[in-house]
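As a starting point, one isolated chain is supplied in structure tokens, in the form predicted alone.
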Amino acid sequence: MDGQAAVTLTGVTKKFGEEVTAVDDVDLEIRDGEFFSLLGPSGCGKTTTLRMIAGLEFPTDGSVQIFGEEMGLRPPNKRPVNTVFQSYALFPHMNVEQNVGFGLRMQKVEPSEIARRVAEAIDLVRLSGMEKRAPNALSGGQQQRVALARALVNRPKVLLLDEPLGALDLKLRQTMQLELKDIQHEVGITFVYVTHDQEEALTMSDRIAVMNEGKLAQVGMPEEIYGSPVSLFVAGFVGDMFFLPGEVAEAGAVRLAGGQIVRAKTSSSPGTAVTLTLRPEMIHLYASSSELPPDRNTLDGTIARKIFYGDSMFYEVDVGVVGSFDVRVENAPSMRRWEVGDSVVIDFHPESATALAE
């Protein structure tokens, strides 16, 4: 990545009729060579945004530029992009080799050049030896790779992927996540990836744009999106999160519903109603606060439930009016075992908690 803008959206809005605003005044810059994900729930505008980059839809207002060139009403085949869809859209009467080379034949590329580039693309997606197979003789993951090769063989400057792993089972989807990232790194072009799956976005992306109701909720690296959400929507949508109501007591301190004061990251002023957000994996259990260093937050609780999962133990901890916490502890020979009714102390570091205003 050299920092050059591959795709630039400026004030992009897309309306369908008078009532529906699918994308609402979006400003976004996607850098050359990065794996960029548009993440959000169904109906948030992510696929419509992708389709406007592809030229399958046109903005009601605003500008789409690819490498500094205004796209305007330019159709998809006149843009330096290719799109991979969830359905794959392979031609059933063509074998793998013919499917991959279809676009090049339509462009009237020399047969020898087609053969060379098709072989390179098939090798890139690890399907060498399957050139003569029909799509219906391939697994879902193999069909997805053919669709990817067919898009890459045209050497687009930007590859657009619209939930391409959505039809695969969980294990294969996880495998393909890593393979897609490896392929993107190898070819070095910009990937713009649409998904509603948080794990996919966090696993593969250099940066993520979280969308909600047609707007950008937050743009940042996966670590930023996960560790420092800027809104309650982002905090709740990306990963598991505990939400504790309270108000800012003073700079860097929050008074919870039970009156306990805990330290947390916050930009809100004293007296502001906030929600303290805390990831489950940031919580630890101890028998007494005397076991902890003085810079930690602690809450007194009682074990209300426990479940053994083999590789870990689940505890539900009741913290009175503050609420309850679901804590999962990995099994280890030295791990302390708690029983229902035991008094415990919940511990979390101030830097792991963020207080967000509504």
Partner chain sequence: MTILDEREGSRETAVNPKLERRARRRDAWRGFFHAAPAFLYLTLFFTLPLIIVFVFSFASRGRTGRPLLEAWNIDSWTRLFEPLVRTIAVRSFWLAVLNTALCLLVGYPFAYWIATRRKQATRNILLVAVLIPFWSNFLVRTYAWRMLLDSDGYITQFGEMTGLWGRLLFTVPAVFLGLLYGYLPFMVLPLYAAIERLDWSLVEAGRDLYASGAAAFRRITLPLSRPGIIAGSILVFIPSLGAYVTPDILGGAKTTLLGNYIVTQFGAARNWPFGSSISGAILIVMLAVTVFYFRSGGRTL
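Numbering follows the first chain given and starts at 1. Keep in mind the model is a prediction, meaning the values are calculated, not measured.
One more form of this protein should be noted, the form predicted in complex with the partner chain, which is absent from this view; the next part is about it.
Taking the partner from elsewhere, N154 is found to have a heavy atom lying within 4.5 Å of the partner chain in the model of the complex.
In the model of the complex, S128 stays away from the partner chain, with no heavy atom inside 4.5 Å. The shortest heavy atom separation between P280 and the partner chain in the model of the complex exceeds 4.5 Å.
The shortest heavy atom separation between A89 and the partner chain in the model of the complex is within 4.5 Å. Out of the listed residues I189, V194, I183, V81, V81 is the one that sits within 4.5 Å of the partner chain in the model of the complex by at least one heavy atom. Of the residues F102, Y226, Y286, F233, just one reaches the partner chain in the model of the complex with a heavy atom at 4.5 Å or closer; this is F102. In plain terms, the part of the chain that comes close to the partner chain in the model of the complex, with a heavy atom within 4.5 Å, is 105-113 out of 118-126, 218-226, 105-113, 254-262. Taking a 4.5 Å heavy atom cutoff to the partner chain in the model of the complex, none of the residues in 14-39 make contact.
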